[in-house]
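In C-alpha cells, one chain follows: the form predicted alone.
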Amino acid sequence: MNNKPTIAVIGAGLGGAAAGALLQRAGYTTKVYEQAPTFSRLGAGIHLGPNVMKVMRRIGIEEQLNSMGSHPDHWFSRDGMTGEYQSRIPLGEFARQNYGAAYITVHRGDLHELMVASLDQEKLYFDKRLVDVEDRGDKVVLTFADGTTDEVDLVIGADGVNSCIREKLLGTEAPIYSGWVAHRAIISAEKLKAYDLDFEACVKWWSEDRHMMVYFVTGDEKEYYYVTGVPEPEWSHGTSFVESSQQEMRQAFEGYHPTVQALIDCTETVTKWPLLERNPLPLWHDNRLVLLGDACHPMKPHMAQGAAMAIEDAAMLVRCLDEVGAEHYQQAFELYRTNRFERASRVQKVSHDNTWLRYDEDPAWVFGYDVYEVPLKQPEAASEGSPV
C-alpha cells in the first residue's frame, strides 16, 4: 500500500460525509457508499457547537452554515411547569470569543446537503447497501446488495447504530433500547404569532422524567423545531420511527407551561423515534477496518452532541492518519481510538444521564474543544490480546 491508500467510507450521514470530505481534502482517494437511494432533506434540527464549527471550517462550509443557521444568544433551561429559569448558558458572541467559533442551530437536512455537496460527486455512490466485508489482509473486499463488489485498502464504518462493519468486528448484537423515545416536529413560526408568548431561540423545558428541547432551524426564524425525551417502557414497532399525534403529545406534556402547549397546538405532523444506545465498545478497529460515530458509540441526543462526536471522530481519524502516515494505518487507528475513547464515553454518559446544562455549569470542556489543536495522547503499550 502506498502512502495514500484507497479508502471506502460506509455511510454518508454526517460522520461519514465529514470523513469523506476531510480525507479527500487531505489527498486520499476516498469512495463514499450510502445505502439510501438518494439524498433527502430529513425533517429534523441539529445543534452545531463551536467544537463542530471548527471542523466545518476545515471542510469549507463554516460561513455558509453561519449564514443559514440561527444564532441563539443563550441556551436556556426552564422548569416545564412554571417556566422558571434553571440555567442561562451564554452563547452568541460569548461563544465566538471564548470557544473560537459560533454556536448555531440549523435544519439537519440543510447541513447534510452542504456536507454531501462538499464530496467528490464522482466518488459518492447511493443505493449501495453493504452486505459483506472481507478483510483479506492485504485488501478489503466489499459486497453490496445489488451484487456489485469493490476492493479498497481501508474501510471506515460510519454506518450507524446497526453498523455492518461493527458486526464484522464484534458479531451481531442489537443496540440497547434506552426506555426513552424522542418526538420530533417542525413548526411554521408564522403560526406562533397568534400567541402572546415568548418563543426563545434555544430553550429546553424540563420536568422530573421528560423534557422538550426547542430551537429555530433557519436564520430567518421561519422554522421552529422541537425534540423530546419521554419515557416509554417498550419499543415493539420494529421500525426506526412511527407517526405520533397531537393527542399523544398533549398526554405526554400534560400540565406543562402554556408555551409548550402552544407548540403542541401548532404541530401538524410529529414522529416518534426510539432512543438507542450501546455500552462503550471494547473494539474500535481491527487490521484494515475502523469505526466512527454511532457505529461505535451511539448515544441519547440529550446533549445535542451525538453528531458532533461523529464529526470530531472523522477529523481525529484523518489527523491520526496524517500524523503517523497511512502506511502505518494500524498505529493510526489506535492513536485515533486513544484520543477519542475517553471523550466519546464521557459524552455518552452525560447524554444518558440527561443532566447537560439543566443548571448553570461551564460547558467549555465540550464547546472549547478543538480536535486539531488538542495534544495527541500516545497509546499505552498494549499487551497481547488486549482490546483495540
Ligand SMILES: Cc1cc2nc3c(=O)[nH]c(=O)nc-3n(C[C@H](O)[C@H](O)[C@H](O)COP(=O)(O)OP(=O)(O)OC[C@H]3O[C@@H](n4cnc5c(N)ncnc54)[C@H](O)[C@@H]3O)c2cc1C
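Residue indices: 1-based, along the sequence shown. In this text, all values refer to a predicted model and were calculated from it rather than measured experimentally.
A second form of this protein, the form predicted in complex with the named molecule, is not displayed here; the remarks below concern that form.
In the predicted complex, F39 approaches the named molecule with a heavy atom inside 4.5 Å.
In the predicted complex, A332 stays away from the named molecule, with no heavy atom inside 4.5 Å. For G15, a non-hydrogen atom is located within 4.5 Å of the named molecule in the predicted complex, even though that partner is not displayed.
For the chain shown alone, R108 is a contact residue for the named molecule in the predicted complex, at least one non-hydrogen atom being within 4.5 angstroms. Per the 4.5 Å heavy atom criterion, the named molecule in the predicted complex is contacted by stretch 297-305, the sole one of 171-179, 93-101, 297-305, 134-142. Comment: the named molecule is not present in this chain, but in the predicted complex one of R184, H71, R210, R278 has a heavy atom within 4.5 Å of it, namely R184. Residues from 124-150 that approach the named molecule in the predicted complex with a non-hydrogen atom closer than or equal to 4.5 Å are K128, R129, L130, in the order they occur in the chain.
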